[in-house]
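Okay, so here's just one chain, in structure tokens, the form predicted alone.
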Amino acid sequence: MQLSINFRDVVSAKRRIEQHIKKTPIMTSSRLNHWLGHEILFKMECLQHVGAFKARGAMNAIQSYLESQEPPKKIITVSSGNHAQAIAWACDRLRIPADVYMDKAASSVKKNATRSYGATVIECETRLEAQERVAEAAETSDILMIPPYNHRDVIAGQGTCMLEVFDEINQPIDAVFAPCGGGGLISGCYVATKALSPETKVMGAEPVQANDAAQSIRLGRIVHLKDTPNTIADGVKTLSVGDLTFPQIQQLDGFYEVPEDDICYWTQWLQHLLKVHVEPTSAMSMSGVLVYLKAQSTPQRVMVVITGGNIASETMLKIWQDDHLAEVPRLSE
């Protein structure tokens, strides 16, 4: 097992990738702030290359490898979507062939985008089959396997988004919220945030219907789901967290399990208020923000990482089949 990451890893990652990735903007909504009585800031990683924060980790992992090794014959990975696109994009940029193993239930828009960057998509019946096949392929010499989250350089790359946040925001941030699938982003955010602002709380969120991380926290050991979870938040359909990410997840200041209706509610509202495409996985964290704010007695400044903006048409139809905009977000019932 690799050693867990530290803040120096995140700083090194920033140096490696800053010429390749976008410094994404921070946005806010005056209407939402007025309704909630607190300041909510959004780190817009949905405007990153490939439409997701995953570009940071993928590029850092490859660049770190190339610092000491010759380019591999091929790079492979397994992913439900955004990491797939990120690997495909980075490999296209660096002229390295890529194969991506995806389960057939993965988002069609993410599959097509992965192909558009030049990668070969290998569809499998289930996520478990995809993981087994990529592990078998990784045994071939001259092939580099880069997992979507359980990798030191991937985690460090994801954490660079918080370096940008604290470089831009010169006022105290009370809490940082991010979704948790395999835990790469939330782990990177935790390491970077606690190094730069130890008093800032770091919170995670995941769907009730894909709550392997919450179960793992409660039991003190990694819980593995048996099959791909049935949630509209397709970015967090992982079967378990990783042995590298779990130690950070266990140290989080809070963790929230979000019902499907809440995920749809906040996806509608953030798209409406921010005027950008926001994935259900990104919007999910706002349910945790609301619970957190209800327990506060003083005005808070909260940072929410909007992780991606890639939404398939069939997912969009599910999100908007009920009108949630008739109910304005409020802390009081």
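Keep in mind that this is a model prediction, so the values were computed, not measured. Residue numbers run from 1 along the displayed sequence.
The following text describes the form predicted together with a further copy of the same chain, which does not appear among the structures shown.
- Heavy atoms of residue 17 never reach within 4.5 Å of a further copy of the same chain in the predicted bound form, leaving it off the interface.
- At a distance threshold of 4.5 angstroms between non-hydrogen atoms, residue 117 is in contact with a further copy of the same chain in the predicted bound form.
- In the predicted bound form, at least one heavy atom of residue 31 sits within 4.5 Å of a further copy of the same chain.
- Among residues of the shown chain, residue 311 is one whose heavy atoms approach a further copy of the same chain to within 4.5 Å in the predicted bound form.
- When you look in the predicted bound form, the only residue of 109, 124, 96, 222 with a non-hydrogen atom within 4.5 Å of a further copy of the same chain is 109.
- Listed residues 287, 271, 63, 300 were compared with a further copy of the same chain in the predicted bound form; 271 is the one with a heavy atom within 4.5 Å.
- If you check a further copy of the same chain in the predicted bound form, you find a heavy atom from every one of 113, 275 and 328 within 4.5 Å.
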